Structures are given as C-alpha cells and as structure tokens.
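Next up: just one chain, as structure tokens, the form predicted on its own.
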Amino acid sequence: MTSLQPTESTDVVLVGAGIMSATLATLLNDLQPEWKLTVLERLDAAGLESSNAWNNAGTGHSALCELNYAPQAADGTVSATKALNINEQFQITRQLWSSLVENGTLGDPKTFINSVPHISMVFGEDHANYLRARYDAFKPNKLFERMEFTEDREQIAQWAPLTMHGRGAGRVAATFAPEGTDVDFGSLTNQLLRHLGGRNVSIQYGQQVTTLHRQSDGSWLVSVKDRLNRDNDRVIRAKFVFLGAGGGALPLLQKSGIKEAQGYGGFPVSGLFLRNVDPTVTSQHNAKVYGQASVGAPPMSVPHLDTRYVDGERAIMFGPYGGFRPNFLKQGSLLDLPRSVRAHNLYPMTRAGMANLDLVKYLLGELTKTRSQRIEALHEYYPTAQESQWELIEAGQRVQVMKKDKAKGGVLQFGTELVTSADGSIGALLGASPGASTAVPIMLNLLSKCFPSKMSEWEPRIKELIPAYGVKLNDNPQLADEIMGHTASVLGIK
C-alpha cells in the first residue's frame, strides 16, 4: 500500500465474515438501515474459521453440561452464578434467532439448530460427589429446573446408550438437560450474510485488512489487500471498525494503536476431534455428553461425545485433543504468535505463562498422543467404540486472552473479552468459549459501549426483536416460561 488516501468510504467496516460480524451487521442493518456496512473477509467464503461447524463443538452454550462453568470451592460448595449468566445470554441469543425466523431473515430452523439433550457424565467418587453438589446448586434455579440427576446405570443408558454399553464397574453419575441444542454456526452465519447482501451491506471476500490508521476526526483509514487481484488494493475510510476476525483480531487491534489494547497478548490452542458418520452408530446417540477436564486442560478441551447436525447430516464427534501451533487462525501464519509480542505485553504474557505451566504440560502430553491413546480416551465415554469407524479431523484455532493483572502481573483468561476505544470508534472481540453462543449479548454490549448516544433510540426496536432485553429470566419465572416456550416453538426445539 503506497498511499493512505482513501478510495472509498463507508459507515462501518466489519473485519471477518464469521458469526460475530454477521450478528453485528444484522443488528446494525435493522437498527440503522441507512448506514452503509462493509464486511471484509480474507478467505473466499463466510464462516470458514471458528464459525465453521467442524471447527467448534456447536454446543449452543447454555451452561447445562459444561462443568468448567461451575467450579467447586474449597469447602465443597458449588455456585451456579457463572452458569446462570451464560444461560441468560443464550436465552437472549435464542430470542433474536426466533425473531429472525419469524421475519424471514433465517430459514428453516433445522438448518442451524436442533434439539440435542445436554448431559454431564463423571466417573469415580470425588467427581460423582461434585456433580451431585452441582445439581443441588443448579436445580432450584428457574433456568435449570428441568435438569435431572442420577447414578442409575439403566437411566443413563436410556439417555445415552453408547456411553453405557460394555462399561465396567465403578461409580458413574450424570445430569440430563432435555432443552439442550446443537448449533451449526457456519450455516447460521451464511444465512445471515446472504440476507444482508444488497441491503446497504457489501460483503467482500479475498480481502485482507493489513493496517488501520486513526484520523483526527475519529474516523479510520483501513488498508485492504485484495488477495485475488493486487491491482484492487485500496484504503477505505470508515466511521466505525469492528474486528471480529477470531484469532486474527488481536494483531489488528495492536495495529490500531489504541491505548486500550496495551498489555493484551494471545496464546493459541489447537485441537483435534475424532468424527464418526456411520449411521449405524450415529442413530444410537442423540446427546452432548460432557465430562471433567484433565488437570491443566483449558476449558474448551473438556472431553465430550457430541451429536452434531451439519448440512442436515448427523455425526458424532469426540474430543477435543489439545495441541499447539503458533498461528492465530487455522489458515494463518506460523509467525502469528512471535509477531504479536510487544514491549507492552511481554511481561504480562511471561507472567501468565509461568502461572500456567500445567497447561504447557497438558499440551505437551496431548501433542505426543498416539492414535491408540486417543481411542483409549474415547473408550472412557464410549467403551465399545470401533477404531476403524473414526477419522481424525482438525478443529479451529482458539486464541486465549493474556492480559495485565495488578496482583499477578499477567493472567491467562479463558472466555471472551470485548475491547473498545474510549471514543467508541473501534471494537474488537478476543478470546474463545462460550463465544458464538453468546454472540447476540456480546454484540449488544458492543453497541452500548460504542454507540451510547444511540441506545435510547434503538432500545424499542431491540425489545421488539428481543422481548426480554434487559430482564433476567431466572428472576421472572412467569416471563421465563412465556419467552422460552415461544422461542422453543419457533425454533422447533424442546
């Protein structure tokens, strides 16, 4: 790029054509239809990285089965607070999806969401005692009132037959949540973007954002490389920029130069899954069965035996098996991690790394696993699994947030983090799980942070799309029944 003279202008640039940008563009186009939006994606189609169905677990994260959202305290008690917050967020997401199905933005719900019960399953005395304590903490809450707990093997076999066939002796405990779902975020992303095409929204593929320059009037000059035709390289002037490029958001946030980006780093974690598409097997399992993470394992590495619906076909995945590659995107560069190190984040990253040596040990152990060892891990959840029926596939890259911490110097944070400039002219989403499932509340949070003066104007329409916006359903049982019943009916789920 030889010149920083803009060749075109737009109101909003959204970097990355994944579920986050698709959600934000959908909201902005509805709330402010006269604004011109430009979506820039470096690959040749939408949703090919973290939003792709095979690159994530598609859980429809509502904290029904993910045990890492409810850690046990030293005194043995379990708090439902974090899990409730995540479930509340997913209810917001469900409300928007329901509205979009009703107004024709989204097609047949079965193309992106299906009923798949969520099960937590643990083995041994300590884990079983923990799961019972978790159930006791969850059950009194409205959002978890349908959860069941059992240690009866016949009951577990009815919920998830494959997990009990051929299982040896030992204590087994499980919880069952019938309202769980499986979500194809790749399909959802593509449906949202297809609807936006031609509605004052330009969606451009093969376009890589290389640099960002802030102007004195608060606008941004966005340098774009056309990966298909370098003659089309250009600079776009935008009033607002959203960096929703998954792991690729961090390098661009650093290039923005905003002070809010100081101290942020990222640690990439890759993953592998075993996949089975044999109908004789997949027809016997309709559940997402989550277990306990290994010591030192990151939250998204919790073992799970998952039913998936992708392109209308049913499959079972098991994993993930953790790994490490220094690239921030699956189709990124091996230099992503070293290039991200700056003077301002070196100390926080070092401190975070030293405090998470168990994670390093875990990843090293995962990297050296043989196929037979991976199958052995599968057998813990599916004892009679036949090795020949499973293929190993590579999942998407997840870049965990590393940031400054006053007490510890630096911390490794699991989850998502929204970083915005003081003037609200740029926002970036960093991190991973629960990610896609909470895209709607995250993007609503972004709107409130970056467009505070517009929120009072937008709120009536937001409440039309999301009737319980601003309300905790768990604290309003009657409204919860009404809202959850309606969204379940529209989306065709339990």
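Position 1 is the first residue in the sequence shown; the rest follow in order. Source: prediction; values computed, not measured.
Only in words, not in the display: the form predicted together with a small molecule, which the text now covers.
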Exercise for the section: Answer with yes or no whether Arg134 is in contact with the small molecule in the model of the complex, where contact means some heavy atom within 4.5 Å. Expected result: no
Practice task
Answer for Gly246 alone: is it within 4.5 Å of the small molecule in the model of the complex, judged on heavy atom distances?
Solution key: yes
Handout entry: Contact test in the model of the complex: Gly396 vs the small molecule, heavy atoms, 4.5 Å
Key = yes
Handout entry: the small molecule contact in the model of the complex: Thr38, any heavy atom under 4.5 Å
Key = no
Problem - Residue stretch of 460 to 468, 24 to 32, 445 to 453, 41 to 49 approaching the small molecule in the model of the complex, non-hydrogen atom distance within 4.5 Å - result: 41 to 49
Practice task
Go through Ala57, Ile426, Val440, Leu67 and name the one with a heavy atom inside 4.5 Å of the small molecule in the model of the complex.
Solution key: Ala57
